[in-house]
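In the form predicted alone, a lone chain appears below as structure tokens.
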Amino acid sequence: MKVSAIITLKKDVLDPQGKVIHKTLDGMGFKDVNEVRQGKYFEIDVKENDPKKAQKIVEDMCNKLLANLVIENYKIIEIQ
């Protein structure tokens, strides 16, 4: 079962990469962008057929390794 997760910096944490992307977009003529925040996207294929169990496995991965919970949040966005 494939589980997708997005990890992003918490709102109060400075995002220097997002600022550089925003500045570059502005320089390319995309003037209507207020803010850019970048993050990480994971698509994990687990050996589990129960969606709730698959989600729990990936949540454990996020809590233990994939996300730095001091400065990042994570969200499971899709289970297929």
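All residue numbers refer to positions in the sequence shown, first residue = 1. All of these numbers come straight from a predicted model, not from anything done at the bench.
Beyond the structure shown, there is the form predicted in complex with another copy of the chain, which is absent from this document and is the topic of what follows.
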Is there a heavy atom of Asp32 lying 4.5 Å or less from a heavy atom of another copy of the chain in the model of the complex? yes
Quick one: is Lys47 in contact with another copy of the chain in the model of the complex, heavy atoms, 4.5 Å cut-off? yes
At the 4.5 Å heavy atom threshold, is Pro51 in contact with another copy of the chain in the model of the complex? no
Could you tell me if Gln55 has a non-hydrogen atom within 4.5 Å of another copy of the chain in the model of the complex? no
Within 17 to 56, the residues having any heavy atom within 4.5 Å of another copy of the chain in the model of the complex are Ile21, Thr24, Leu25, Met28, Phe30, Lys31, Asp32, Val33, Asn34, Glu35, Val36, Arg37, Gln38, Gly39, Lys40, Tyr41, Phe42, Glu43, Ile44, Asp45, Val46, Lys47
